[in-house]
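Next up is one chain by itself, shown in structure tokens, the form predicted on its own.
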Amino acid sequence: MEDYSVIGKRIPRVDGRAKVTGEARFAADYSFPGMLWCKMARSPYAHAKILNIDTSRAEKLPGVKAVLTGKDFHGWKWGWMPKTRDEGPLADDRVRYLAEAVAAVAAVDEETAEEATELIKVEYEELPGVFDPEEAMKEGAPLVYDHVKNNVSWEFHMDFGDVEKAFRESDLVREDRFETGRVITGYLEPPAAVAMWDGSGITIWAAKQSPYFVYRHLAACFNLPLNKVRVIQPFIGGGFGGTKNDSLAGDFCACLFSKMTGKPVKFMYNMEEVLKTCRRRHNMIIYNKMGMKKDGTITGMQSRVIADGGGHTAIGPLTMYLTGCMSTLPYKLPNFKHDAYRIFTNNPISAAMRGHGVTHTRFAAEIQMEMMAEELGIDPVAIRLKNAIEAPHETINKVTVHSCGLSEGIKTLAEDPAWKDREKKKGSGPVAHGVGLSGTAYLGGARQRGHQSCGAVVRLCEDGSVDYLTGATDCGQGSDTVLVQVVAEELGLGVEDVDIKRVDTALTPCDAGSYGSRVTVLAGEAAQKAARDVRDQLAAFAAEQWGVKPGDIVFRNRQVFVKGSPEKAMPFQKLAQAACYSGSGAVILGRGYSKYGIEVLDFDKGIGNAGTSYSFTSQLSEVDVDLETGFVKATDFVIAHDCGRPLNPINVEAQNQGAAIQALGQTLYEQFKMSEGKTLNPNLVDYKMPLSLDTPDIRVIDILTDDPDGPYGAKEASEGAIVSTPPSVVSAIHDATGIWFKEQPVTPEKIVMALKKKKENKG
């Protein structure tokens, strides 16, 4: 790798000081004189017609300034694409999940607003609900939307090759049912915003990982031009997709209340509202069928996915697309058929979450492949190496891979003492030790429909310091640091010389958002181009002064010099001053944006590249299983991750660790307990996310591949481990118990019952 000055270095985060000192301001920290509070009145039913809403008692409560119902939004809806716009800011004629917002109150303080919501009287006609997606698909099931047959919110059908022929020619064919569980993102900062509507339009300070989404939604809802909507982004306390990647009832209501009252209006959801009503990961049922030759060669795979979509569509179609289009990686798959159904139910809405769509089908396929290998007597490492793709590779659905470290990662784990010595560590007492493997893939630089480009502006100040403007969002993953590194590297500066500005849609370039592992790859490309634009302008000025070609000018370590002529040199600061004050004065701005090139992505059929590049994650997991209680303790993870080239190794490690722990939660602990659409555990005590004591030792190994489509060879490094962890941990549990588990989470109760059944069958 080229010897860079800043790229590839273990540089602390540029926002670290602000966060540890408390200087960083999050959305909930914003407060303005005369500010009102917005609170929601929510439905006590999962499915009901709204017959009448009486707000008179609430309006008379001292301190209440305004009340809204769904009718105040005149039927406006939003959603991912025109034909899926089915969600209004407030339900106006029908509620489709429990605690859906039906009215909102603006009052002088939070307590008064909360009290007023309880005074709103709503007459409902309760309707029969449907809560199981497989039941919802049946003829005669209650309909969530009267015009939607069999409650099918969205469906995809992908068919490549000839799977039936592949199964006929296989030596082993297996079909299994898998289920992935019902979980939520788990951020600690709840959604919040402060909105102000004045003569310049709407200004909103909102906790959004994709601010330009809500920017467009607000403009459409209130029939405003985009230049009359301003989203100012505070620091973000975690996102992971879902709720912070979309608009909320509170966003629209706070804006309309501000217009009505002339006051700034704030809302902040509490954690119970988050756990009851906010976007969740789809619970998916996967019927997976795979064919295999005696030597372990996979001949074909067929999957049928049924997802619980909840009461509205949201971004669900994209989830379903990803369940299929990414199934042809990371193993060679010559024949593939996929049928995916997203089903409306009267449960809370399902949407994107870290590892979007891929976590579900990759879990099913990875476990089934290993189950079949066991039947054929093939080693877990051998089965993976037998089928692993090598770059360059084009899948049967035209996904093109230019770099791939999968085989190297698997081989690296196979040489680890934990794998080599696994039989010695099994144990003979009540606690059994198990070791499991996985090999998975994930896309980076997501690019599915709509505006997907990222922009950047680099402004050179007269003293040689630099302002960097981007619309890309750091919602905790550390992307601000990486992007500053990119600008600093191109200009030969240190990260302390570059100041990144918070996203402000009135000032920063348009950006699609922080999702699909796209920021480093695409916003990084834009930053690189903008910085090079500035560098080229400075190089042209310096070349003229020294009588050389611009291409001979080198920028490094805050110095500018002529290649091969060290006597022709000056500090960067001096060059910046000379260039900016030349003639009558120059304004030096750099501009850049990401470009995809020309490529047709057939979204309906799942053909083409959903990303610009693809990461590959191999994972070894060690667990201890108490054979009496069923309790599982994950002790060690080794993650061999191919992210191309790590631009900031600290960030790469942290992102892999965070993704792995988030995945450990959904594998072993996390699950919403539901009854007729009601969430029974809407608190962090009963919704069991992993605690620090549940965290295994995690070692991250960088598998270097240099991808040609990412800046400096980089690929994604934030979502791969959330895909690799569940199959790796479940494989380790199987190694300890001899039992395959096909439903997440793998709870102690499930293990005890399975061990009991195994013992009875032996007896």
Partner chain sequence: MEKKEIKFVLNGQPHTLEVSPWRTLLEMIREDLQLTGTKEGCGQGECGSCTVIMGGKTVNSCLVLAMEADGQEITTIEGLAKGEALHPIQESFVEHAGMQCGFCTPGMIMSAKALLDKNSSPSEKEIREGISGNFCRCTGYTKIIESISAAAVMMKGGK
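The model shown is predicted, which means the values in this text are computed figures rather than measured ones. Positions refer to the first chain, counted from 1.
Form predicted in complex with its partner chain: not shown, discussed below.
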Can you check whether Q662 is within 4.5 Å of its partner chain in the predicted bound form, heavy atom basis? yes
Should E375 be counted as a contact of its partner chain in the predicted bound form, where contact means heavy atoms within 4.5 Å? no
Although the partner isn't part of this model, could you tell me whether E670 comes within 4.5 Å of its partner chain in the predicted bound form, counting any heavy atom of the residue? yes
L691: heavy atom within 4.5 Å of its partner chain in the predicted bound form? yes
In the predicted bound form, which of the stretches 289-297, 459-467, 555-563, 230-238 has residues with heavy atoms within 4.5 Å of its partner chain? 230-238
Going by heavy atom distances of 4.5 angstroms or less, which of L188, V148, L224, A382 would be at the interface with its partner chain in the predicted bound form? L188
Please pick, from I53, I698, L61, I701, the one residue with any non-hydrogen atom lying within 4.5 angstroms of its partner chain in the predicted bound form. I698
What residues, if any, in 271-294 have a non-hydrogen atom within 4.5 angstroms of its partner chain in the predicted bound form? M271
